[in-house]
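Shown below, as structure tokens, is a lone chain in the form predicted alone; questions about how it binds or moves come after it.
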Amino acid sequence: MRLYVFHQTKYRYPSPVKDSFNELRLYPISNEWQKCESCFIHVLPSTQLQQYLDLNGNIVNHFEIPQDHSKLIIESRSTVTTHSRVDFNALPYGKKMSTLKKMQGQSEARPYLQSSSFVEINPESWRLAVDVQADSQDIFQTAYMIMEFIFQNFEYSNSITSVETHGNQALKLRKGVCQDFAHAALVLCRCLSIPARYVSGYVFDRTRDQSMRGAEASHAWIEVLVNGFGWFGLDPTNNQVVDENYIVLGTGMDYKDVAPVTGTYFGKPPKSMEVNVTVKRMDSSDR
């Protein structure tokens, strides 16, 4: 599938600000499931972007605006070809929870078994994770059950939480947006020693009826590591295994590692911030 993404973020300030230093994680990665054909990032006021890879292998664009400015506009335009991620008739069932001990020493798994900025492994969350697990002794089945639990018991609401809401708080509120659903899933997975990481990206709603929550914004989900099979994406916001309708921008321990836009500046807080995202399919005539 060939997908086009337009992502725009606008900041307006009540008075001029200066010395703005920013990092953008808006450049889709290329891997075995997706190929970024092109990505153009434009910033106003005009400035030069520097690109590098962070410790998680995500593409980061850095820029600085030293002069006074009353607004900041960041736009990215990407074209990405995605491929089928998984055979739904051959999902990675069969690995027992008892094999998780062998994964704790693996460098690929170790960071995603720990507490992080938005995820805390504590007795209360562990008790809930055990209840959700029930009698399951299968790694992927347990992770799938966690996804289903969150989808069925959480209310999708964009007026309850913020980008600063902790995953354990989201578990108590049982309300929030895709970021909160993903953080809550990470808490429960890591409490059961299932390696799980946060994924930032986009999802294409092929039905065009807005049945896919998060299709008109940045989206977030999780990936779990199943020993011998690799990473598999689970989207608790939409209760489905991640497929070719998803585009990955980056992965990390939680939102802090992959926030689309982060930075600092000298001046007053923004008067307004707007984020607009469009994801559409391109057919052969668009090539």
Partner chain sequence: MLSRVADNLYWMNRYVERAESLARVVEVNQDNLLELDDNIELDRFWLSSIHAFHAHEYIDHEKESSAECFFLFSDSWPSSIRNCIFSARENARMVRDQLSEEIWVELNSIYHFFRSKDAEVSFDQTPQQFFQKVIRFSLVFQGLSDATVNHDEGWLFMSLGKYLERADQTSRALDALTLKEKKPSRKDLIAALRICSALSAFRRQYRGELSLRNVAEFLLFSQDFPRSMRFAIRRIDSNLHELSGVPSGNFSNEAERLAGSALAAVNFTNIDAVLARGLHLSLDELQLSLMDVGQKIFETYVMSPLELQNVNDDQSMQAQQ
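Bear in mind the structure is a predicted one, so any value in this text is a computation, not a measurement. Numbering follows the first chain given and starts at 1.
Same protein, other form: the form predicted in complex with its partner chain, not shown, and the subject of what follows.
**Q** Can you tell me if Cys39 lies within 4.5 angstroms of its partner chain in the predicted bound form, counting non-hydrogen atoms only?
**A** Contact check for Cys39: no, nothing within 4.5 Å of its partner chain in the predicted bound form.
**Q** Can you tell me whether Ile160 touches its partner chain? I mean in the predicted bound form, with a 4.5 angstroms heavy atom cut-off.
**A** Residue-level check for Ile160: no, no contact with its partner chain.
**Q** According to a 4.5 angstroms non-hydrogen atom cut-off, is Ala217 in contact with its partner chain in the predicted bound form?
**A** Contact check for Ala217: yes, within 4.5 Å of its partner chain in the predicted bound form.
**Q** Is Phe140 near its partner chain? Define near as a heavy atom within 4.5 Å, in the predicted bound form.
**A** Flag for Phe140 set to no.
**Q** So which of 146-154, 76-84, 131-139, 171-179 is the stretch with heavy atoms within 4.5 Å of its partner chain in the predicted bound form?
**A** That would be stretch 171-179.
**Q** Counting any non-hydrogen atom inside 4.5 Å, which residue from Ile59, Val43, Val241, Ala259 sits next to its partner chain in the predicted bound form?
**A** By the 4.5 Å criterion, the partner-contacting residue is Ala259.
**Q** Where, within 1-35, is there a heavy atom within 4.5 Å of its partner chain in the predicted bound form? Residue list please.
**A** Going through 1-35 in order - heavy atoms within 4.5 Å of its partner chain in the predicted bound form - the hits are His7, Thr9, Tyr11, Tyr13, Pro16, Lys18, Ser20, Asn22.
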